[in-house]
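A single chain, nothing else alongside it, follows as structure tokens in the form predicted alone.
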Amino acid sequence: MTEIHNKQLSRREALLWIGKVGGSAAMLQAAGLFGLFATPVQAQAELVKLKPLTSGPKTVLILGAGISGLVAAYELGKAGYHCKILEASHRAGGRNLTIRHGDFIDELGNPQFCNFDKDPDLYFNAGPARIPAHHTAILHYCREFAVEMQTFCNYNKNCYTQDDNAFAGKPVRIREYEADTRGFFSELMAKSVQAQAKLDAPFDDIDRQKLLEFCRSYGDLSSDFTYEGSDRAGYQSGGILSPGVLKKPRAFADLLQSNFWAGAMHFGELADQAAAVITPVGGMDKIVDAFLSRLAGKVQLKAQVQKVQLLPQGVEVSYWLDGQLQVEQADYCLNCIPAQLMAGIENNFPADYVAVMKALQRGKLSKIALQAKERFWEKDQIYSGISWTNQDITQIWYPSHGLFKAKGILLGAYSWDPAISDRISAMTHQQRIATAITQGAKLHPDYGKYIEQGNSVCWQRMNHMLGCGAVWSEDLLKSSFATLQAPVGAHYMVGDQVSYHPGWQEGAVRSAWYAMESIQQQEHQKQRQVAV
């Protein structure tokens, strides 16, 4: 703290300090006060526009009925291509998976059937659960298919942060933590600005006054620029029929003991997490259902691909179906199989192409869902949102739907850290549920007495997946992304794995669009050659 008092501030340094504690939103707001730049706007996805075929029928084999495969079959079908999807699983959707009563969870070594009550509100999205507003490609299909949507609460100040290293391990409301942290930080910044008669140019007197005003507003400081508490943290008592009594601020040193400020505090400001995010009513797989209703007869389930061969013209695919080896040829092949699995399937792809598949890693992600016999969190003034903890469960999600109903499904654990997910995946299903209940009790006393049953999904053990979103290292992206994105002959790798946005349905859709536009270009080139 003394360092900032004894040093003159430049604009850059002031913004860096604001960003460290206030997050990107605070930094952008302050930068706007200085007239430095405006907030960037996300690019709108340009919709795919395929022209109808004029050169006779063309066939396309699509390997995998995930979102990219469904998009490809739908769009190519409209343009006159004959498409067939081969899906190894018993279900379509890929990682778009919503779990309900009686559903089979095909986890290797740990298969389950969902034991939730049979109720349309009792479900959980084991894969994608939210769609950011700037994911315009996947939202295009939600709009086109009239998929009913609702807002998803990604951030709620009434939820908790819990850290074993802070506040004696007791949970603290996010609103209290944020109000105190930003208040103390703003007081520190304001005093630093006041203590200096001059600041490094071009941080002039006007900038100085603006920054002081920003500190007062951002931290809810008193007239003498001190932090004495804020109603942003909620009142200790009163506030309706009697004057509100502010809660006593926690010591700044205690606030810094928690790691909440290091990332989770700014979670709701990330581009893909910022409000408003939305989700289909009744489960994310409503998007899958909408596609399937338009692809009748084009999806073959339980078709296990055994070999993919490039031909002088087209592609040949061998696959097992009902105990029989089937062989089909097509003009084109769009391959959604996870790259690291495809590298182990017999093929005659170029060596450099296969090398990229082998180098591409898959993410590890685990979710545990719990059915509560009573929506106890609503009595605690929590209506949807996410609580955070530094335990392995990482997050607890409270459902955005079914308010005031008798029961609800909590996401009792959501971990994307590979080491944590490995620990969870090594447990039996019963151990996972017990762990989620034990750790959740640090945020909600008597947690266990409300939980009736639960289900878990560890994506690194899910059959036909063995992982979540692809993990591209920075070096691999630079050296090899273009190799995997480009076609080899008539074969294309597609899916969110072949995007700069792996793990999101938006990446899957745009990858499919890219491949389809390339196919259209190939067909156009062939027509030109014939005409010549």
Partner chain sequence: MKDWILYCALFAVLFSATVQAETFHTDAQYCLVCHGSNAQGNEAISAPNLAILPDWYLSSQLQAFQSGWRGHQSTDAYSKEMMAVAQSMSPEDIKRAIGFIRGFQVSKTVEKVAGDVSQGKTLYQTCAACHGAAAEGNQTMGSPPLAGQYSWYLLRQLQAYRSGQRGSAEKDAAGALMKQIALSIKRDQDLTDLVAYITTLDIQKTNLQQTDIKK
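All values derive from a computational prediction rather than experimental measurement. Positions refer to the first chain, counted from 1.
One more form of this protein should be noted, the form predicted in complex with its partner chain, which is absent from this view; the next part is about it.
The partner is absent here; in the predicted bound form, the one residue of Thr136, Asn259, Gln460, Gln395 having a heavy atom within 4.5 Å of its partner chain is Gln460. Screening Arg95, Arg375, Arg173, Lys364 for any heavy atom within 4.5 Å of its partner chain in the predicted bound form leaves a single hit, Lys364. Contact annotation for the candidate site: Gln273, Tyr414 and Asp417 all lie away from its partner chain in the predicted bound form (no heavy atom within 4.5 Å). Contact check for Leu108: a non-hydrogen atom falls within 4.5 Å of its partner chain in the predicted bound form. Although the partner is absent here, Pro312 sits far enough away that none of its heavy atoms falls within 4.5 Å of its partner chain in the predicted bound form. Contact check for His501: no non-hydrogen atom falls within 4.5 Å of its partner chain in the predicted bound form. Not displayed here, its partner chain is kept clear of Glu144 by more than 4.5 Å at the level of heavy atoms in the predicted bound form. Residue heavy atoms within 4.5 Å of its partner chain in the predicted bound form occur in exactly one stretch of 183-191, 379-387, 301-309, 245-253, and that stretch is 301-309.
In sequence order, Asp422, Ala426, Gln430, Gln431, Ile433, Ala434, Thr435, Ile437, Thr438 are the residues of 411-442 having a heavy atom within 4.5 Å of its partner chain in the predicted bound form; the partner itself is omitted from this view.
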